[in-house]
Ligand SMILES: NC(=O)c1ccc[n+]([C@@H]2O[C@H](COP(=O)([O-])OP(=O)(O)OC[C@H]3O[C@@H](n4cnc5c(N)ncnc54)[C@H](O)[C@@H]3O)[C@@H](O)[C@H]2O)c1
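In the block that follows, a single chain appears as structure tokens, in the form predicted alone.
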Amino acid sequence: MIISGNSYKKRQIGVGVIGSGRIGTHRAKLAALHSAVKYLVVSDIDETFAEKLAKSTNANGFTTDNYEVINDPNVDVVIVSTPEDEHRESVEAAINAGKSVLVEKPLALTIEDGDRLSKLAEEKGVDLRIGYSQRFLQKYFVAHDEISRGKLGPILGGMTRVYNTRTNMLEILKRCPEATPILDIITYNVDYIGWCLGPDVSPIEVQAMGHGTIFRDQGYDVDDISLTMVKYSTGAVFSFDICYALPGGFPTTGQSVRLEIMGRDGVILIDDDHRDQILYSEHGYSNAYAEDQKLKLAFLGSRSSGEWADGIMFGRIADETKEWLDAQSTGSKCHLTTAKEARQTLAVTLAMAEASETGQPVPLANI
């Protein structure tokens, strides 16, 4: 007996990667390994980065002109992996060119830019997705599936928190001073809780408090620790807390997360601190965010993007990129964050920043 597979129509695609830094490199290497990708070009404002990435992926070309990649007739889909404050121009150009876009989170740093991009994508009929890759870690993906099946019953609320070191946060702030822990990191958990609650549930109010001296001593007007709370239209209440100021030698090289979701009929508890995977070596372990740092003691698996081993990438970026390329080449189901979802998450995190600064609740009834 022959069992038929899916009925998706497969096609070969051309991929353009804008930004040849750390995440752009992951995306381009993964695209080069994908069976549906027949053409690959990359760009970066630093020609050395673009040329290096093109050579390592056997790309068809490289350039310092992002628009040259976007308007290349052989490019069908575009990945935007630029710093956070440089998303809008490339995403907007790709949408106007009628090409599907995957952009790193967050969608933008202002609600005006978020509105502009999400509305333009809808008007042009372009599939715009945002790389909230936490969805693609197995434990979170399975938890979402169980929640969507009603295993927890109505959601009452819960908590999330994420820790990292000041070394890693300073690298992020050097890249983009506006990429604060709230806008650039809490955003993962806000997206995830919104995904679990579903499209009919909306955030209605935000409260927050923050404090810090470590990053301000380095010249950045950023709190070291932020404690925030969001109330949703169902009455559910979630806390979203973050501290990206752990000592530089603390053995994580990425996000250390705890997540708890309480329902009327059940509960999900996720421990994602990575203390179950420990490496000690006199030769040191490289920090992907701060390449000059070598940790003798490290939590393996804590690199937020994932791990390369023997030419294969494991982890959330790998699974997310593969699903997006699968969807673009076959039309298969895609779980990546939509522009509408990303715009809501952006509104929540901007409200968190405002509430933390003013000490006053921020209503979100009209987002």
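Since we're looking at a predicted model, the values are computed, not measured. All residue numbers refer to positions in the sequence shown, first residue = 1.
One more form of this protein should be noted, the form predicted in complex with the ligand, which is absent from this view; the next part is about it.
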Only hit among L40, L53, A298, I317 for heavy atom within 4.5 Å of the ligand in the predicted bound form is I317
Residue within 4.5 Å of the ligand in the predicted bound form by heavy atom, from V15, M352, L346, I18, is I18
Does the 4.5 Å heavy atom contact test between F49 and the ligand in the predicted bound form come out positive?
yes
Fill in: Touches the ligand in the predicted bound form: R135 (any heavy atom, 4.5 Å)
no
Does E86 reach the ligand in the predicted bound form if we count a contact as any heavy atom within 4.5 Å? yes
Inset, instruction - Mark S329 yes when one of its heavy atoms lies within 4.5 Å of a heavy atom of the ligand in the predicted bound form, and no otherwise. - result: no
For the ligand in the predicted bound form, the stretch among 54-62, 40-48, 321-329, 338-346 with residues bearing a heavy atom within 4.5 Å is 40-48
Those residues of 116-131 with a non-hydrogen atom no more than 4.5 Å from the ligand in the predicted bound form are G131
